[in-house]
Every structure is written in C-alpha cells, then in structure tokens.
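First, one chain by itself: the form predicted on its own, in structure tokens.
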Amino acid sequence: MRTFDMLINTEDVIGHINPEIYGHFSEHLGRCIYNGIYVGEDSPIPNTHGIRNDVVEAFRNIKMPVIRWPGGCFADEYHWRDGIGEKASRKKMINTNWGGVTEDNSFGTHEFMEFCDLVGCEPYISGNVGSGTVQELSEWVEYITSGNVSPAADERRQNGREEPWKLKYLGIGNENWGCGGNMSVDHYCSLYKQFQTFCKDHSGNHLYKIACGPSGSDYDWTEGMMKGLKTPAGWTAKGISLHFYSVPDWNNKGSALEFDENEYLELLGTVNFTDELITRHSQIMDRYDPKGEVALIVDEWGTWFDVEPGTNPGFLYQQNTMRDAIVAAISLNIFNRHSERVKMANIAQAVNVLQALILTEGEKMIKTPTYHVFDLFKEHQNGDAVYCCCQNENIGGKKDVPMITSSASVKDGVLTITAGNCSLAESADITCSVHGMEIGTVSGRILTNEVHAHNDFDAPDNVKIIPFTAAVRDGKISMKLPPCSVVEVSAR
C-alpha cells in the first residue's frame, strides 16, 4: 500500500462545472440509434413511440444533461427533411461512412427531440456544412424553434408538432478538417460565419453556436479559428469543439478485452495527454479571448479499440471493462479541473458504439463500467470546482502514468470528491485535508474489480457500484482505495 496526502481548498474556486461536461453523443452509426435507442413502435421491447424505456430510465438516472446528434461524420451527409413526415414515405439513403448500410430515416428530428424530452436533457444538433446549404440549415433551425407562421414552422405543424421546441446547442459542421469536407481552417472559418449568420433566434429561442475546432494537437487550427471568429460586433461562436480519442496507435488499436499491463499503461498515458491538450488550446484561446467568452467543447472523446470479433467493422461495437472506467474517471476529472474553459464534453458514444455507456442485445440491456463512472460523478454537475491536489507517484509506462486521479467540487454545502487508483497492484491510503470547510460526516460509493472485468448479457452486474467506507479523523478525510478503483466521497 502507498500513502498519499491530498489537499482541498473549498475557498479556491477554479471554475463552475457545467452539467454539460457530462454530456453524450449519438450518431447514426452501427446500433447506436437503431436497436439501441430506437426499436420502433411495433417492437415487443417496452418503448414510448419506438424509444426504449429502459435506455431512457438509465440515462435519467445519471442526469444526462445533453446529447449530440446526428453525428459525427454522418451529420455532414444528413439532410434533415429526409427524416420528417410519414415514416413509410421517408427517403432512404446509404450510410457511406459507417458500414454502407441502408438508412431508412425512421429516427429523425421529431424522434430525437422526443428522446431528449423523455430523458430530460438538452438537444445538441450538429448541422450539415459539408454537403448541405445555408438555406437547409437555416430552415432546420426555423422548423425546430419558430412559433410564427412560416413555411418551415407550418411544415412542423403538419407533421404533428404544434409548439416549437427549444434548441440551445447548434454545431455548425463536424470535423470539417476531415470527413466534413477536408477544408482548410480559413475556408471553413469563412463558411462557418456565412452559415451562422442565417441561423436565427426565433420565438425567444437563443442558439449557442459551436464551430468546428481542432483535432487533437492541431494548435494551428485553433489559432486560425480564434483569429477568424471575432467580428467588430463580437464573437460569432459561443464555443469551438475539440475531438480527441485515446488511441496510442491508430494502426493497431488492440482489443477491448484482451490486453496486458503495458498496453494498459500506454493507454492511460495517452488519456492523461488530454490535460496538456486542453491546457495548450486554452492558452491560445486566452490570447484572443482573455474574458473566456468562447468555450472549449470536447464533443468527441473516449477509447477506440478493434471491433468485437464477428461484428460489422463499420459498426464500431466494442466491450467495456474496468480499464474503460479508469479512462472515464481520468477524463472527467481533467474536464472538472479545466471547467473555467471547458463547458461541455460528449463521450463517444451513448449506446453500442465505442466507449458506450449502454449495450443492448434484443430485449436485454446492460450498463457498462463507464456508465457507472458517470453515475459516481453525477453530483459534480452544477457544482463549483475547487482546488484539489494529491501527492502522486508514477506507476510506470512510457509517459509516467500517475497513480491517483482526482477532482473536487462544492454544491449546496456538500463537498464531492472523485478519485481513482490507477494501479493494478497496490492500494492507496489517502489522507485528505480540507481548508475552508469543517467536515462532520462522509459517505461514499466505489467501483472496483480486476482490470479486464466487464458486464455482459449473461452477467450484467459483474461490475457494479457498491458502498464505500471513508472516515473523518482529526478533521481529515481518510480513504483507502483498492487497486483499479474509482470512488465518490461526499462530505458535509
């Protein structure tokens, strides 16, 4: 066992943790939408207008704040009018990005907005810039949000929705440096400003417009966007996106289930690089935007392994182990610590794709270790991130992986600490001193298991949250973390 000292200063607020930092991403990819979120009204699986009730309940439990749709690369070939009206007459298309399967558009705008209503989360729509037009995106915004008499609003009424929806988050393009058009930063920035000009605020709705930001460490893209987004009237975007997947070697992504300790450490080294990425992109943004008016939106992040044997390689279906739980804990703690600039993050993806929170097979549904991490971290939402520093030691790897990951927040007089022990062999005995708050009682929950442990349809609760015992001694919080574990401790 190794011993560590942790210091938390509740009077040193470093940022407000927007609930949207715990956001999600759903793309028309594999079985994320169809047979995942949506099964159709005729399905024997319990549903509300085709939307799985068990999936809705699971996302409500973790207080899902926002979900991004319809992509991803799919977004820049998606034409929204193909997904409205009578399902039998909706236009079919080939999903050229993901498996070459037929997309029947039975899940479209109305279905997505109803899913958000059922879950109680904000919709985040990614608009088509790569193959769409300014008029098309402008009319989609009008269709969703206008309460006036207009062609688009009347079209919505004819399709069964009298009142407009509220739409806060609008992404204008996706990965336009790549699958969204292979554009240069200057070309995209000009297009962004043109598109966003015609995406209006209707009927009291106010759009939070998000521009395509960089891929990973493309700092030149961030520089170009920050130079180009500001006009004499002010910033034309509320945020720019960042996409970063934790993949040490894109030519050899490896298995989600079969890996050794060296592969584990190499992955964690890549995950921890997220902190440097956000720091450096934020420093560029600070030069142009010292007031922090433009947010960094990490709207695609997570692990990416080889697909499970026997599954469609274009469907990106992978299992989810305690290794993924540790990845999620490190990532969410990093976002909390950077909450002054990071205002949203969206894990890829919600159901059946990449680092999914939920896996489904027919009527069966399981919650992955990653889902349980989001459950452990949910009380951070709308809290104030406070100074939290833990003495640390490296556990190996080419990039010197720290043993402990942590962050802390205060909300309504309650201190929430989330910590992870990344070691696979040694326990961590942590003594936490808290400045600015007298601690009386503590309670906790923990997720822990062998690093390869996962849930499957025969053993859905192999990895689950259980109670965790922490103590208060001489005004300090004492907690012992077993190897490969993630904990939440609440103190008041």
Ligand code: AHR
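Start at 1 and count along the sequence shown; that's the residue number. Predicted model only: the values in this text are computed from it and were never measured.
From this point on, the text means the form predicted in complex with the ligand, which you will not see here.
Heavy atoms of Phe25 reach within 4.5 Å of the ligand in the predicted bound form, making it an interface residue. Cys73 belongs to the set of residues with a heavy atom inside 4.5 Å of the ligand in the predicted bound form. For the chain shown alone, Arg337 is not a contact residue for the ligand in the predicted bound form, no non-hydrogen atom being within 4.5 angstroms. Shown alone here, Lys367 lies farther than 4.5 Å from the ligand in the predicted bound form, counting heavy atoms only. Among the residues Tyr192, Tyr264, Trp140, Trp98, the one placing a heavy atom within 4.5 Å of the ligand in the predicted bound form is Trp98. A heavy atom within 4.5 Å of the ligand in the predicted bound form is found for exactly one of Ala385, Ala153, Val119, Leu316: Leu316. No member of the trio Ile21, Glu379 and Ala408 reaches the ligand in the predicted bound form with any non-hydrogen atom inside 4.5 Å. The candidate stretches are 27-35, 50-58, 454-462, 425-433, and the one lying within 4.5 Å of the ligand in the predicted bound form by heavy atoms is 27-35. Contacts to the ligand in the predicted bound form (heavy atom within 4.5 Å) from stretch 171-185: Asn174, Glu175.
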